[in-house]
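Presented as structure tokens, the chain that follows is alone, the form predicted alone.
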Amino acid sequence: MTTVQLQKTNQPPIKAPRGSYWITTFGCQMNKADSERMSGILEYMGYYPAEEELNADLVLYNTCTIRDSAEQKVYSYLGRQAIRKRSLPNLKIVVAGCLAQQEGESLLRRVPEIDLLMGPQHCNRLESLLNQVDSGQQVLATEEQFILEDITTPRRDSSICGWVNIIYGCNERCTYCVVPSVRGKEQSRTPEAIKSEVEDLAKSGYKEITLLGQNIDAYGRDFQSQNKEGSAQITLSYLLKFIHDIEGIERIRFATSHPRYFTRELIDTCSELPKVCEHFHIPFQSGSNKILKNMGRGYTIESYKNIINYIKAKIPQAAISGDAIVAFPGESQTDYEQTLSLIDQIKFDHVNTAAYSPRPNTPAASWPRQLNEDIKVKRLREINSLVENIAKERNQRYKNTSQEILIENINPKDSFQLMGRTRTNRLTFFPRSLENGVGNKLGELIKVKITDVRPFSLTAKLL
């Protein structure tokens, strides 16, 4: 679980000032992109960023429900705001995102101080929903609806790298996951709308985009019934080619993929398009076919390995990351060891790990053979140690090599260092060039030589 606060902007509000706002984002990249859109809406309405959370006139929590720990943190934050509201009745409390969708009215009963509770499908309706709040209503917006096109300019957290949603929702039915029930059915944006947004980013100086979707490989699947005979099938491969040559954009990434839909055609396309970065995030979740079947993932370890082997054959320099869940109901020691073995065989550059957490209204939550917390903690600690060791081993291949880095920011812990990522998504720190008092500029692509490696980052010197 991650928490992200958007930084202040010096841009003046478009309308008369309404007060200050603060957004805290929990969870995935999709939530971060949603928060940027909602920040754009708030600033269009006349709100401006607060200096501190506890001084804001409007507080918005964009929530995650993938694990219980994320939920509990939200409740803790809400408790502080509920106390504030008793002495500041004009304070607006907004809860958005997956937890809002999952809990609905029960969350309003638990925290009656909330003014607006809205699911992920309603992010673009924030202005109209807040207008209802201003008229004296407590608003609940969790009904399923067609997501409106992005017509508001997001207030983006970076001026170099931009998130671009290309598909909302998810049609999968993994037995442990609440995403389909809280984010709704798959809904692809049109290639033209996506291209227009990317062109706007390029005109604003952005150098890198990350295409986002809960199940990004399914992009365009909902268009198939609309395709005219003889027209090109709209897929992720089609979209990558469609936007590739936009002038100004230097790098293209995408996430998150599903092994069931990750095709050889997509890998071939990525190998042919020079702007598409050599990094693939493909969750595997378990190394046991028995557990994968119980999870409802729809693929086998053998088919997953075939994907990875084809990537390595076509794009040898590619970095591969994934997700894994340990201690799923019924996971035996053998099942767990198969997951460790898969990580060791594939040599992932990184793996996001988690112990299974029962989620409301998911099939696996009510199954027998739930594993106890001691086993969860033990297995998570072991797998994290393996992931770290392999990540450091994989990073050794960068030692003393020249790498292209996109400068994204100043190192917040050392103002004499800049930071950026390799094309393979390795976070890299390097000194600022201060000849005549002038340093390298954010957004520049530069060459560096890697001098030191760690499990999850690199250090370099300028070339």
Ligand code: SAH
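Fair warning: this is a prediction, and the values are worked out from it, not measured in the lab. All residue numbers refer to positions in the sequence shown, first residue = 1.
This protein has a second form, the form predicted in complex with S-adenosyl-L-homocysteine (SAH), left out of what is shown; the following refers to that one.
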Answer key: of N294, Q121, Q285, S237, within 4.5 Å of S-adenosyl-L-homocysteine (SAH) in the predicted bound form (heavy atoms) is Q285
By the heavy atom within 4.5 Å rule, which residue out of R251, R189, R359, K92 makes contact with S-adenosyl-L-homocysteine (SAH) in the predicted bound form? R359
May I ask you to check whether N165 falls inside a 4.5 Å heavy atom distance of S-adenosyl-L-homocysteine (SAH) in the predicted bound form? no
Can you tell me if R67 lies within 4.5 angstroms of S-adenosyl-L-homocysteine (SAH) in the predicted bound form, counting non-hydrogen atoms only? yes
Touches S-adenosyl-L-homocysteine (SAH) in the predicted bound form: E199 (any heavy atom, 4.5 Å): no
When the contact criterion is heavy atoms within 4.5 Å, does D323 count as touching S-adenosyl-L-homocysteine (SAH) in the predicted bound form? yes
Name the stretch, out of 44 to 52, 422 to 430, 59 to 67, 401 to 409, where some heavy atom lies within 4.5 Å of S-adenosyl-L-homocysteine (SAH) in the predicted bound form. 59 to 67
